[in-house]
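Starting off, we have a lone chain in the form predicted alone, written out as structure tokens.
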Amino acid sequence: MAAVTSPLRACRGILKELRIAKGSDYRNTLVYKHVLEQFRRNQVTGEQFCRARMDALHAARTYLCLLTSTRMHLRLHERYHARGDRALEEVAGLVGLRLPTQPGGKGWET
């Protein structure tokens, strides 16, 4: 049963990533039409065994992985790289550290 739903999951995942990337008007893009055309062309009836279907499914999964990884990379890039110079305390906080404090203030007066 997993082999039957797997192409559908891949198609839905690709369309979800397109919707996130392009907004609500993603259905009018050439990419959307091409993805649906490829999935419809590689549908297989019960009497057929098609090696091209497995190749297309592998390509779809790879493309889904690319879209998801690209979106996640851009999110991380905006979060950690987009602001320019930062204070030392802020940089330490990004990685979950705290700067040490000098008790009593000896030699560290500001």
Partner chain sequence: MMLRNICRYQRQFGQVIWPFSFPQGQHVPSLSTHLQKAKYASGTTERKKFYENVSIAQGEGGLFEINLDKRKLKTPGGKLFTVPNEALAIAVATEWDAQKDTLKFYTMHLTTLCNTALDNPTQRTKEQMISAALKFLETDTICYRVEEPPGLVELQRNEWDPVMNWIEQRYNVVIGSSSNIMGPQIPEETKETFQQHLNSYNLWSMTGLEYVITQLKSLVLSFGLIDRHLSVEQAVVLSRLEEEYQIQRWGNVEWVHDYDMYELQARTAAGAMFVHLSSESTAVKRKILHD
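Numbering follows the first chain given and starts at 1. It should be emphasised that the depicted structure is a prediction, and the values quoted were computed from it without experimental measurement.
Below, we refer to the form predicted together with the partner chain, which is not included among the displayed structures.
Chemist: May I ask you to choose, among R9, R86, K16, K22, the residue with a heavy atom within 4.5 Å of the partner chain in the predicted complex?
Modeler: It is K22 that has a heavy atom within 4.5 Å of the partner.
Chemist: Taking 4.5 angstroms as the cut-off for heavy atoms, does Y63 touch the partner chain in the predicted complex?
Modeler: Judged by the heavy-atom cut-off of 4.5 Å, Y63 is in contact with the partner chain in the predicted complex.
Chemist: Could you confirm whether R40 comes within 4.5 Å of the partner chain in the predicted complex, counting heavy atoms only?
Modeler: Looking in the predicted complex, residue contacts with the partner chain do not include R40, since no heavy atom lies within 4.5 Å.
Chemist: Is R27 part of the interface with the partner chain in the predicted complex - any heavy atom within 4.5 Å?
Modeler: No.
Chemist: Please check if L74 has a heavy atom lying within 4.5 Å of any heavy atom of the partner chain in the predicted complex.
Modeler: Result yes; L74 sits at the interface with the partner chain in the predicted complex.
Chemist: Scan 86-103 and note down the residues that get a heavy atom within 4.5 Å of the partner chain in the predicted complex; none is a fine answer too.
Modeler: Nothing in this stretch is in contact.
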